[in-house]
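Next up: a single chain in C-alpha cells, the form predicted on its own.
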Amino acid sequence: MPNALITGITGQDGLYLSELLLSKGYDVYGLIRGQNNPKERMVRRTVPGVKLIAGDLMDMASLIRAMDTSSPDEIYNLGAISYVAYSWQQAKLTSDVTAMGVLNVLESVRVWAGADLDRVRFYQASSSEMFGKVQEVPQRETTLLWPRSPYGVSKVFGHYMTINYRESYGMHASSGILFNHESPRRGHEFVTRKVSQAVARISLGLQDEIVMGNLDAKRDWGYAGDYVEAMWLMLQQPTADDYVIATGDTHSVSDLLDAAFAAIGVDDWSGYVRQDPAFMRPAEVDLLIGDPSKARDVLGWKPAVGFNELIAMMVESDLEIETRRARRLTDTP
C-alpha cells in the first residue's frame, strides 16, 4: 500500500486528490498548518481517512518530521497562497510561501530520502498564471513564461526549482501546469465561486447584484475533480516531466455569467451585475487557453466535465447551501 503526503490538504485540490488516492488504496497524510486550524474539522469531516500532520512550508524541520511520520512514496505539493489578487497586497508573504515553500519541500525530500531519493516521487502544482502576458496561443509546456502578478512570479520560481532538482539530483519531480480548475469546493474569493454563490442568493431573493471587475478576461476553466487525476498520472510515469493540464477551450467572465444565470433560468443578467474598478487587476492576464495534447498523448488524460456542466454544478451546490442557511436563520428563535 503506497503512502502519499499532500501539502495544501485544506484546498479543493487537496480534498479531491485525497479522495482519489484513498479510493486507490493509498495511506494518505495531509500537512496542516497552525494550531487549531479552522479548516481542520472540515478536512476530517470530508476525508476522514486522511491522517493529518502539523507542519509548515516555511519550516524545514517540520517538513522532515512529516516525512518521518508518513514515509511517503509520493509527495504532492499543493500548498500555496493561491489567490492572485491578494498577492499584490502581500507580495513578500506570497513569495515566501508560494516560491520558497517549494524549495523547502524539495530540499526536505532530498535530505530526508538521502540515498533512497529515487523511491520518492514529487508533484509540484504549477499554474497557468505563469504565462501571464501570453507569448503563444494556445499555451504549451514550451511557451515562454511571462508572469503578471507576484503569485505568477512565485509559481515560476517553484516551477523552475522543480526542474532544477530533477536535473541536478535525478529526482522524479514533475510539474503540472494547471489552468483554472473549479468546483463547489472552490474558495469564495475566486471569481467562479463568487459568481455561483451570488447567483444562488439572487435566485433565492437574498442578494440584489454582483459587483465584478473585468468581464472580458478569458480563461480555460475545468473541473478540479478531473485535474487531480492528471496529478496522480504524472507520478505513475517512469520518467518525470512537465504537463499542461487544461481543457483547450476558453471562456470570458461574461460567458461565466451567462452559464451561471442560465442555471437559474435568467437569460439577461445585465440588471444584476455592476462593474467596479476596485476589482480590476493592476496588470491583467487577458487570455489563457492551454494545449493539453501532451497530457492526452502521454498520460492518457482528458477532462470529463464541460464548462456549462461545471458552472451549473457549482450554482446547484450553492443553492443547496444557501437554502439550508436561510432555513437555519428562519428557525433560530
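Numbers for residues come from their place in the sequence shown, where the first is 1. Since this is a predicted model, take the numbers as computed values, not measurements.
Another form exists, predicted together with a small molecule; not displayed. Remarks below refer to it.
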Should Val28 be classed as touching the small molecule in the predicted bound form when contacts are defined as heavy atoms within 4.5 Å? no
Spell out, yes or no, whether the shortest heavy atom distance between Thr69 and the small molecule in the predicted bound form is within 4.5 Å. no
Tell me, yes or no, whether Arg186 is in contact with the small molecule in the predicted bound form, where a contact means a heavy atom of each within 4.5 Å. yes
Indicate whether the small molecule has at least one heavy atom within 4.5 Å of a heavy atom of Tyr76 in the predicted bound form. no
Location of the small molecule contact in the predicted bound form, chosen stretch of 80-88, 140-148, 111-119, 161-169 [non-hydrogen atom, 4.5 Å]: 80-88
Note: exactly one of Ser203, Thr250, Asn180, Asn104 sits with a heavy atom within 4.5 Å of the small molecule in the predicted bound form, namely Asn180
Contact residue in the predicted bound form, from Leu52, Val305, Val298, Met58 (heavy atom within 4.5 Å of the small molecule): Met58
